[in-house]
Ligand SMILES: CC(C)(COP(=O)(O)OP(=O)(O)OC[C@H]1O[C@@H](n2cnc3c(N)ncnc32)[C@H](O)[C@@H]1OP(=O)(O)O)[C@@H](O)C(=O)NCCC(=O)NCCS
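Okay, so here's just one chain, in structure tokens, the form predicted alone.
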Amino acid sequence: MIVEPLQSRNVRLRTATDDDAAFMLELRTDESLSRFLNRTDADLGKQKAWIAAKRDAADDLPLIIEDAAGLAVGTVSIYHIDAALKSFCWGRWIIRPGSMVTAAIESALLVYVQAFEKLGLELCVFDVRNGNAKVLSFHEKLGAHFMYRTSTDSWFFFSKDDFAAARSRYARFL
């Protein structure tokens, strides 16, 4: 799936391309950045094939987070897109250390703009690794609703209406 880029105050979100494979692989294979994500094979060819497969799929959208100068600073994905249920998940979220302070909130808001406003979806159901205290806190502050916890993950939901309230509170970032 390919979508039009979205811009917030300091961040641009765009569809990942084959040219982004090395950058994505760099982030995904850095142990300190990816410890709460599923493992990624350090094979550039496989990463390019993964991006191509996702680009051709209707239920997965890998994205690149860029700063105002166009420098890639992170990656995130909208996935498990279910058009019939109007639902999705998002994650695979990594932002390079040293990026602008607002990269997290701006990229998260743009994910929700893409999913709720551009793709017409209505419900996000997602999980966060239990040990990932910063991201758990982030989602709770944004207004996500806790559902349940497993031995590895905490599950949340966030609706289109929840996003409308969050968008109002965080409008200065968009």
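Computed from a prediction, not measured in an experiment: that's the story for all the values here. Quick note: we count residues from 1 along the sequence shown, nothing fancier.
Although it is not shown, the form predicted together with the named molecule is what the next lines describe.
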property	result
Heavy atom within 4.5 Å of the named molecule in the predicted bound form - the one residue of 33, 51, 125, 113 that qualifies	33
In the predicted bound form, the one of 149, 118, 141, 145 near the named molecule [non-hydrogen atom within 4.5 angstroms]	141
Check all three, 91, 95 and 170, heavy atom within 4.5 Å of the named molecule in the predicted bound form	yes
4.5 Å heavy atom contact, residue 46 and the named molecule in the predicted bound form	no
Residue 130: touches the named molecule in the predicted bound form, heavy atom cutoff 4.5 angstroms	no
In the predicted bound form, residue 39 touching the named molecule (heavy atom, 4.5 Å)	no
Residue 85 within 4.5 Å of the named molecule in the predicted bound form, heavy atoms	no
Sequence-ordered list of residues in 95-114 near the named molecule in the predicted bound form, where near means a heavy atom within 4.5 Å	95, 101, 104, 105
